[in-house]
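The chain below stands alone and is given in structure tokens; this is the form predicted on its own.
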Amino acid sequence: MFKTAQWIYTDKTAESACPIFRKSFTLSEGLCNAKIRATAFGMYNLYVNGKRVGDALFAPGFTSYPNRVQVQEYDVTDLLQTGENTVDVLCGNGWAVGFLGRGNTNHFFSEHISLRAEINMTSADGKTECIGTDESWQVLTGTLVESELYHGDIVDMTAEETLLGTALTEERDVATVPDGGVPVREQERLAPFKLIITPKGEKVIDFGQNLAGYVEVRVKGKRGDKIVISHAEVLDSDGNFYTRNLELARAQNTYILSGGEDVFKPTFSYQGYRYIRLDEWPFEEVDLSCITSVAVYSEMKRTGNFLCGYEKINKLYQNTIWGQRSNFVDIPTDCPQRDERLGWTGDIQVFLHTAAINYDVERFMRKWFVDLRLEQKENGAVGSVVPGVANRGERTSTAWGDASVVCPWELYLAYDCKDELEANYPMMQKWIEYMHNAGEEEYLWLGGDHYGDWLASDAILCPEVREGATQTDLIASAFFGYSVSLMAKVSRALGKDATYYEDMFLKIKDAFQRIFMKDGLPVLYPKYDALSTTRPVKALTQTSLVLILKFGLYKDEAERVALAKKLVEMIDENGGRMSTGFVGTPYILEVLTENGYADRAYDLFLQEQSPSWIFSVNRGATTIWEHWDGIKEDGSFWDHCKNSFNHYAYGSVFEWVYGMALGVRVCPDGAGYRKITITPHPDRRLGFAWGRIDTRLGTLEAKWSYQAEGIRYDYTIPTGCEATLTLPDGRVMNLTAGNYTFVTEDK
């Protein structure tokens, strides 16, 4: 990867300072090609003769630093010149060195910023020259005084460039690998929506959209004057700026003016916000035209779209899109605002299906899968945060660790990437065996430290409880069965013998029936979390019924029918509302629809009281919330901590919208939309529903609409796709490439 370059660093800067590593050299005439390779422990921006190279943010990306760092390569031929040249590399702490994980402890992966880079040049006569990082590189400080991912940037345009000396070299036991990710770039630019003077007298700007990114400020003012900007997602019930949910993240940028024309924005940090507060603003008036909100996220092609006749659902869909944008920043994060922003495996496990419809996420996920594999323990355990962080996500929990099986399978269904499925197969096998050996029963997962049905509302009598009321032993054993059933499908897709996993699933089902079922309903396993004194633990919950039905753990068809009926009864007893959390919610509408209760699924989908999807829409949300009731009816907050207003997990409902309301589902033996089923479930309350997916084969469209003559269905099938259409009137048709229209009676 590198010919001569060494790792270099400096011990002359303060802990939060941003060093510049510089190399000057003379170039004779005849250059025909020049490339720079670079990586860092920390983040870096590359400059050649004062010009920024590329436009990607946060290089080299967030990876499993104990194992690997990515290397980017840039063509800089046009930026070099005959004579004197200077290469500058500005560095910041980033993920590897700075504050990371709740608790704000730094240096998880490195005591200091390190850089490794080299310039490879070829002249017209074929001569080559390589200049690599070594002790001859100078170290300086400049106008970027401080940059921390959670806390923000401090830029002082009055600061003089100061030479600290030359670099030190060191050895690092880490693999340097080609960049396999998707670059993070500036995306949408939003003008301010309005200026607010809060009851406290604060100057607050509302951009009208919660997002991940930063604010760009263009000003000309007095040299030495200061601008200080804080960020927030919401205002409190009194209309004041609210930052308590950011916890220890300062989310504040400070800019000291040069006296000339200045353009300020962060370099190595970003914020999650809708509102900014001008803590210091050295002008009498606030000229909104000089302030712009810039969304930043990984470069992904938009592939999906949805529209219906119910405006609140359209808003929910847009909120889901913005939630994905905000949390696909190099890795799939949980939230962009507080002192977290980590790769929680449970969140992406429930959302990836929807994510792969909305955007082309294949390369994005492939990069993350490498670290998922690298961080799996020898015994097969998978942590709940990847890349791992020492004080976060060390628990091995069901539904989180199952991302190691569910996510590769979902990516394969979307993109027919059999090579990636093959690459992840050993990891998937090890996770299955970890569950197989985890409990006192061979074919159940009993005990363990799980997240449960995270944030379910059925433990409402204990508001500090986040695991929900469903017994975690049942959840863990159910997911054991689910992942094993998927492994059978994976094995068949790869041409491997699936017998082992098919037999294992039957044994799990038998054991599940023996331990967790009595008279056709779930019962408590009387050990472990059933004995909890910190939360109510129940056998019969909406989530327990949903998982049994979804994962096929019922005894027979009669039991399936009875369980589905019981689920509807429990929803009715809860005022027609869900009580599910991260584990049960993604499947509840699907389970109702598949068991003949599509109308009840729509009832939940369109419910406006919390817990519901539309509740947050009615409260003015522009992204998906972490908690169903992050802001309550009375305007108070669920809690000041762990209360994100930009979490995508509950946006997974659009898997049901595409897959069951519109009815488009990929067949296990037709990955990449080579073979699909279309089984629409229309509902008059939406009026119409239309969806488009730009698949690898071409554009697939599905629509139903209520017309005077009945319900009309319109489909566009791309070349190479075989579709089996089942209409509500019972007609079944095989469709190939082309456009189709059908009409059924409105019953």
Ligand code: BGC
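We number the residues from 1 along the sequence you see. Just so it is clear, the structure is predicted and the values come from calculations on it, not from any experiment.
Not on display, but discussed next: the form predicted together with the named molecule.
Comment: 333-341 is the region of 333-341, 67-75, 365-373, 137-145 lying near the named molecule in the model of the complex, near meaning a non-hydrogen atom within 4.5 Å. Within 4.5 Å of some heavy atom of the named molecule in the model of the complex lies at least one heavy atom of Trp454.
Using a 4.5 Å cutoff between non-hydrogen atoms, Phe582 counts as a contact of the named molecule in the model of the complex.
The named molecule in the model of the complex comes within 4.5 Å of no heavy atom belonging to Trp95. Not displayed here, the named molecule is kept clear of Arg535 by more than 4.5 Å at the level of heavy atoms in the model of the complex. Taking a 4.5 Å heavy atom cutoff to the named molecule in the model of the complex, the contact residue among Arg172, Lys507, Arg674, Lys642 is Lys642.
The partner is absent here; in the model of the complex, the one residue of Glu410, Asp347, Asp529, Glu233 having a heavy atom within 4.5 Å of the named molecule is Asp347. Residues of 535-555 are not found to place any heavy atom within 4.5 Å of the named molecule in the model of the complex.
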